[in-house]
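Shown below, as structure tokens, is a lone chain in the form predicted alone; questions about how it binds or moves come after it.
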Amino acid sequence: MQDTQTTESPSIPSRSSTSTQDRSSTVGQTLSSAPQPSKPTPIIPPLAKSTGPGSGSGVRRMRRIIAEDAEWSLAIVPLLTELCIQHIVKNFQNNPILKQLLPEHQKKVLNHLSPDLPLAVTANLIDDESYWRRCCTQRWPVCHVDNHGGSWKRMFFELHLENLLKHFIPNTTDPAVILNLLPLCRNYVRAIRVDQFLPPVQLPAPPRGGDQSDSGSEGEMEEPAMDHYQLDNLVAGLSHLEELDLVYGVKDCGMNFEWNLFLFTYRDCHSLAATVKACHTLKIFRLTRSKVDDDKARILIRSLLDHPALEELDLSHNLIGDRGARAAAKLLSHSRLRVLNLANNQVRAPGAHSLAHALGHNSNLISLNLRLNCIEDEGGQALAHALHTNKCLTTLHLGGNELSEPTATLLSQVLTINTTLTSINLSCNHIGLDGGKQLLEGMSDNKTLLEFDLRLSDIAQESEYLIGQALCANREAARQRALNPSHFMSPVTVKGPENPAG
């Protein structure tokens, strides 16, 4: 058997020689690991240069390096540029370097920067939208960047400022928390939308001596100061502010509910009036759900007279009556107001008369919203008369105002001659069957009205259907005019001047 193996595989060493080599190799490895420098490690001579399938010399010749560092790898060492970028990112907070880099290197740095860097470092240095997008999505799960002009950086600073305002507690929070942000956000904030203003913390009243009856104790207590954060210094520092949307109330108060939490005080009113008067860039002012009555509305509107930039005023969902509506009518004559919203207030016929008088001589207002008031037919007829001469109003909302057939009759006459109105809302009124027929007659001669809401107005289903068909025809004609404006030129332009001899 041994001779046969030798004959078939002459290149394979004998068992004794193999054992000797294994022992030598074992001894060599032992000696190499032992701390004896006087005995060098024996070198195994190369075996036969055999590449056959039975040869094991390739395994013994291959050497592997096992590093002591567990994180060490055989990967190529990074380029010096990459190492520099990593160093810049790591030390960006203490040594922000960005503008000096090439554009491609700047992009790499911005992609690796943390969104948690202090605003004092990033606010006026980084304009890259992708970085601010990461900052926004990390803080707010739902982001509507379209509500902030399509800019992620503007969105971040507006939401950050609004969050500070909503959680500011007078006499407790340091005002410097907000004012120190001004140098960083003054160039980016265009709108402030705050739906909550917290009042000061109420301390328990000190005990009084003597007996007090339960019925008189509450009336004799002095009302605590409930003034909210004053916006004057903040707004004065925002040189590009265009929109102010405020609600003086508290959200999620739970079992701590008190009516005083929703109190818009006179000091708040006077301070806000001075603030909006001094803000000459303000275009949109909304103060809703804040219990603004006639007196406070007059204070606010007086400060808006002859405002150089105001275009929209929204005082909906308040307690404004006829005196406040009269002040708003005066504002129409002393401003460039284009949108007025007094929905869900307490305006009645006298207030509607004042607005109608101003509307008849106005050339700027395009939208008037008086829904959920109570102007009744007297006020509705006054507004309809004003629309005979008004040539600028495009949207009129009179839903829920106790209107009936007399107002519908006058509005049907307006429809035959008015060419600027595109949207009318008379829903939730009592127009009735005859009123619906009157409006249908007016729509037969109208070619410009595109929306006419008559839901829950007690008109006949047939009248409502036919009015809807007329509106569809008007919308199709408007679409054709938008697609082919040259096809709908005036006859004088197309035919030329008439022949005087004819």
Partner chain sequence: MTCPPREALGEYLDGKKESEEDQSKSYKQKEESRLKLAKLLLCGTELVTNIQVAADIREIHRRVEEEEIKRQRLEKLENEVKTSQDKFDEITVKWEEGKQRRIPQELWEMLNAQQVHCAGLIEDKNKLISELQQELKMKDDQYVKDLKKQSDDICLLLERMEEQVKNVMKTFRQELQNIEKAFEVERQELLTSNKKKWERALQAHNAKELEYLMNRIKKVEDYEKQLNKQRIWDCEEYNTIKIKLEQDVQILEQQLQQMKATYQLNQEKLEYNFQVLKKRDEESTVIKSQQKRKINRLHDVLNNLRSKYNKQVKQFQEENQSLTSDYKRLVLQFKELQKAMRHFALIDDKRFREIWLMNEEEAKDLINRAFDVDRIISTHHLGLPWMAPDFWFLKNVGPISQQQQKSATQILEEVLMEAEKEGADEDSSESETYLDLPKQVSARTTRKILMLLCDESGFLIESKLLSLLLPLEKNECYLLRLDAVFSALGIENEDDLYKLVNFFLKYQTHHSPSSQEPLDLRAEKERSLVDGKSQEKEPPPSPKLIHPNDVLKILEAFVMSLRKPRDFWVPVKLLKAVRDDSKDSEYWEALTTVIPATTLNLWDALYTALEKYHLVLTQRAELLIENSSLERQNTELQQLLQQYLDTKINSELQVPPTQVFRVPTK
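Positions refer to the first chain, counted from 1. Predicted, not measured: the structure shown is a model, and the values here were computed from it.
The same protein also has a form predicted in complex with its partner chain, omitted here; what follows describes it.
Quick one: is Pro200 in contact with its partner chain in the predicted bound form, heavy atoms, 4.5 Å cut-off?
-> No, Pro200 stays farther than 4.5 Å from its partner chain in the predicted bound form.
_Since only the chain is shown here, I'm wondering whether His385 would be in contact with its partner chain in the predicted bound form (any heavy atom pair within 4.5 Å)._
No, no contact at 4.5 Å.
Contact of His270 with its partner chain in the predicted bound form (heavy atom, 4.5 Å): Judged by the heavy-atom cut-off of 4.5 Å, His270 is well away from its partner chain in the predicted bound form.
Thr275: heavy atom within 4.5 Å of its partner chain in the predicted bound form?
-> Because no heavy atom of Thr275 falls inside 4.5 Å of its partner chain in the predicted bound form, the answer is no.
Going by heavy atoms within 4.5 Å, which of 157-165, 304-312, 189-197, 398-406 lines up against its partner chain in the predicted bound form? Careful reading of the contacts points to 398-406.
**Asked** Considering Gln413, Ser367, Thr422, Asn344, which brings a non-hydrogen atom within 4.5 Å of its partner chain in the predicted bound form?
**Response** Contact check passes for Asn344.
Q: Only one of Cys428, Leu101, Cys136, Leu241 comes within 4.5 Å of its partner chain in the predicted bound form by heavy atoms, so just point that one out.
A: If I apply the 4.5 Å criterion carefully, the residue I get is Cys428.
For the stretch 445-479, I need every residue with any heavy atom inside 4.5 Å of its partner chain in the predicted bound form, listed N to C.
Sequence-ordered list: Arg455, Leu456, Arg475, Glu476, Arg479.
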